[in-house]
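Given as structure tokens, the chain that follows is alone and in the form predicted on its own.
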Amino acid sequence: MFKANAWVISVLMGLGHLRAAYPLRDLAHEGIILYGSQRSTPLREYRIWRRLRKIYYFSSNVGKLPLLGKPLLNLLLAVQQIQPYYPRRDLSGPNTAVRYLDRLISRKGLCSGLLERLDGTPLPRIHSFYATAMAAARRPGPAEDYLLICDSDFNRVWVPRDPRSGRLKYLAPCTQVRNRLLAYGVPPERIFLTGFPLPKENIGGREDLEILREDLFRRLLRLDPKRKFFSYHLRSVLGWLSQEEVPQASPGHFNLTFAIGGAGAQCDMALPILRSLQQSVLADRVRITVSAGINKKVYERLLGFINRLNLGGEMASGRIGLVYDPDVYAYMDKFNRVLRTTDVLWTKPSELSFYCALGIPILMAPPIGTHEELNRCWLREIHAGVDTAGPLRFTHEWLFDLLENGRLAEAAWDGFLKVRKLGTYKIEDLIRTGACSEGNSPLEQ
């Protein structure tokens, strides 16, 4: 067990920021601080976070916000906008979102309760949300602050008003993020290309990656029933995954996981997907797990969909599964266990996009917000993300076409080869030694 020697600070704004922090729990002094929750936040400040969270969930479900003049609403509108990367230019000047965040911190006391808790402790602090990092980095003291970026591209609000003179350091999940930080004016010596932190329980040891390699090999067998993928990549797969041969027999089914975001915006997609795949489930051609997160209403709606389609008995047989827990940490544990046997992850291109590094193809649901649109572009560029090939009511047709032509297996392999997967270990190195390596091999990234 890695010795705990850093504050790890996140927020419950959806599940993405906490999902980024959760693999770092071995580092966490006094456990992960889930700031903005009623337990961890002074009442005077909790009201601000509660309003911010309500607006976030409203915007995620509706897709757009009414034009109101309140600072919190304007902040959320502003942070959704990301300037085009090209042409390359200096983007270091503060935008509207940066100015609103400054006002919330300096005038409204945003994160003041957190600073009171952290003051006087020299331990480094790892943040997965920009507001806590900005507030902490403004306070003088010996502690170092690191901000983990949770997407493949992001708004200027993640960087302070004066990026060159600040002391905030950054953990970048991919090269695109490092390049964007440089465009925002962050000095290169304060950027560390670590990769996104992934769960150790889905990777194994940093030297052997024994869990990841074993799970991926079995996944590729299920994703390539016609052996089209293996006809091209047999030697590469056997070499990288330390396998001797490919079994002749093909598994009879593959496993689809449909992950609904923390705000529940994709819940209505589940019914037509289940209806379309109903006969395939009964024939044991596909097994479906739907992730409801920590939202009880979403869980109950999904259960209603399953019962409406008379698929309740398939939950007992294991052909249909639901992942839900009101405790967010228990949910994370359950979800990570399900990922080990997941062959296709159907989700909006959120922070889960980085889980393609585990060799799981991402079937992309419609994005919500500019950052998810850019995550989708990133997944397409590295060939690890697959667009839905037709309407939801015809999932039983196009999904099996993607399976049989080897496209899903190709996406799984491309994600494994191209995306950094040792972020958790690299961040531990950085906290312990002040430096981390940047490998090029799929087993060193």
Partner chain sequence: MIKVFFLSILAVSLFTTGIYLFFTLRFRPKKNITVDQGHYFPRVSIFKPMKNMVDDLAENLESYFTLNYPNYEIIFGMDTLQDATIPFIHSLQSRFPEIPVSIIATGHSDEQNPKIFKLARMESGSQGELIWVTDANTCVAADTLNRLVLEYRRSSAHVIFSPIRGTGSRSLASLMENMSLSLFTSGNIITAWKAFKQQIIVGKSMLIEKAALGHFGGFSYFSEFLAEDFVIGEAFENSGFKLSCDCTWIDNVSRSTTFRSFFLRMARWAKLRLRLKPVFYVMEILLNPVALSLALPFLLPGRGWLALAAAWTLKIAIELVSYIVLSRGEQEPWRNFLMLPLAVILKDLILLIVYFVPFFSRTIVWQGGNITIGRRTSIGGRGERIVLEGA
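In this text, all values refer to a predicted model and were calculated from it rather than measured experimentally. Numbering follows the first chain given and starts at 1.
The protein also exists as the form predicted in complex with its partner chain; that form is not presented, and the subsequent description refers to it.
- Using a 4.5 Å cutoff between non-hydrogen atoms, Ala411 does not count as a contact of its partner chain in the model of the complex.
- The shortest heavy atom separation between Trp398 and its partner chain in the model of the complex exceeds 4.5 Å.
- Residue contact check for Tyr425: none of its heavy atoms lie within 4.5 Å of its partner chain in the model of the complex.
- Though the partner is left out of this view, Lys418 does not reach within 4.5 Å of its partner chain in the model of the complex, counting heavy atoms only.
- Partner contacts here mean any heavy atom within 4.5 Å of its partner chain in the model of the complex, and among 305-313, 82-90, 124-132, 103-111 they occur only in 305-313.
- Across the proposed site, Arg275, Ile288 and Val323 without exception lack any heavy atom within 4.5 Å of its partner chain in the model of the complex.
- With the partner omitted from this view, the residue of Arg99, Arg178, Lys228, Arg117 that lies near its partner chain in the model of the complex is Arg117 [heavy atom within 4.5 Å].
- Comment: its partner chain is not present in this chain, but in the model of the complex one of Leu282, Val328, Leu241, Leu271 has a heavy atom within 4.5 Å of it, namely Val328.
- Of all the residues from 392-431, none has a non-hydrogen atom no more than 4.5 Å from its partner chain in the model of the complex.
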